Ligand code: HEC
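There is one chain below, alone, in structure tokens, taken in the form predicted alone.
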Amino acid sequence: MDFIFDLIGRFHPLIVHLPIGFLLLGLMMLVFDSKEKKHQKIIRFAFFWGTFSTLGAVITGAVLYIREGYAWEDIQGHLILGVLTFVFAFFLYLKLKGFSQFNKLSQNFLGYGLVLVLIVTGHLGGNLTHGKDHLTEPLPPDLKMALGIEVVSKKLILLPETHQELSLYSGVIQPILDQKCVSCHNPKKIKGGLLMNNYKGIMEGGEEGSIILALNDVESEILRRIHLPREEKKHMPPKAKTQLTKAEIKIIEQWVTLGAPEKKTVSELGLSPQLFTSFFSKDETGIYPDIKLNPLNNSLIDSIKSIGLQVAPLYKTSPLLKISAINVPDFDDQKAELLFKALDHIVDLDLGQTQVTDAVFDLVKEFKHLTVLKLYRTSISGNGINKLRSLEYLKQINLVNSNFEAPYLEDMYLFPALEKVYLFGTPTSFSTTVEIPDQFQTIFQMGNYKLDEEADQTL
């Protein structure tokens, strides 16, 4: 019948919200009715149910603690203040009922005391559920430091070209431990007598002995703890903390298996680069140039949008722009001149299904950071496309279902960065006289079929 107790404990997260509602209602009614005293019956009703739902929350919480293996140091404050919340609520209810034994107790004292313990109890409960930093984590690092809050080190980022020369311990393992373990195992808070902020502390172990066994890595406590189910009391990091990733666990496993060396580099240990790919920095710019520019003035962007153009940053904080005329079918060469306002910022330009002509190349040649140009379903023939030869970042051109003609194909052979040109459904793609040199075969996608409109737009 043990499952009954487990079930009772699992009801704690549901029941715990009832007293909060009832007690807050009662407290607000006390303030609202402080002068006229017309709603005392409703107030007593709120405190009656608030008091006994608090008792239910305390009981189910205690059962949850006993049955689920929570550490006492993690829940003691929440549980003790939960009991204190019940005491304040019960005394306030009895005073409101008129019991003479409570005449000497100040109603204001009980009310303010209940507000305080209710807030702190709820906060500690939130810490258990969401982690102790669930309120402070979003704060800027400078504000955290001003408030005396520990600033956790940034996410470990390695460079593919230099990670082999790093010491596995100091360059990889210790930064991981700093993020996930040191908040509980540092000189100010030595949980379990274990220090993990330096190599000496890690190797000395804690109250239960060494956490790394050089001759028996499988039985090393550090590996046993990180592989325990998250619900287990001894799982590390505690389930309320940010957990180790699979990649971090694999790196730690390798380090312990190799005898936990302090000085040896990744290269000396012969570790596969695949172990570290998760820590390599992600290039948010992708195929686009990584350049520093001041963002465009919002008024300039708004003026470009005013004719219906879609304008979006390359990524959230990037000054580089993607511009599309997909919703402006009457967009033409004259309207294209408006894009001069964003001359250096445009890296992706979609003019597909518009009225632009070959004259647009005189404009496009000025967009020195342009990387992707889309001219599908236009009257473009290619006359003047050689003017784009100066664009050192231009990698993709989409001319699907345009009027692009074969004589202008050779002009693109000299483009410095060209990687793909989509020519499906153009006169060029159906020409039997077009011969593309072998070195350009993978660049020019000729095809012998027509794409529908939706497919055009995805290229």
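Predicted model only: the values in this text are computed from it and were never measured. Just count from 1 along the sequence shown to find any residue number.
This next part talks about the form predicted together with this ligand, which is not shown.
With the partner left out here, this ligand still marks one of 221 to 229, 74 to 82, 290 to 298, 91 to 99 in the predicted bound form; by a 4.5 Å heavy atom cut-off that stretch is 221 to 229.
Proximity to this ligand in the predicted bound form, defined as a heavy atom within 4.5 Å, singles out one entry of G192, G286, G259, P160, which is G192. Put simply, of E165, E207, D330, E337 only one has a heavy atom within 4.5 Å of this ligand in the predicted bound form, and it is E207. Contact check for I211: a non-hydrogen atom falls within 4.5 Å of this ligand in the predicted bound form.
Put simply, H185 is close to this ligand in the predicted bound form: some heavy atom of it is within 4.5 Å. Looking at K180, you'd find a heavy atom of it within 4.5 angstroms of this ligand in the predicted bound form. Residue contact with this ligand in the predicted bound form: L309 places no heavy atom within 4.5 Å of it. With contact defined as any non-hydrogen atom lying within 4.5 angstroms of this ligand in the predicted bound form, the contacting residues in 237 to 264 are P237, P238, K241, L244, given in sequence order.
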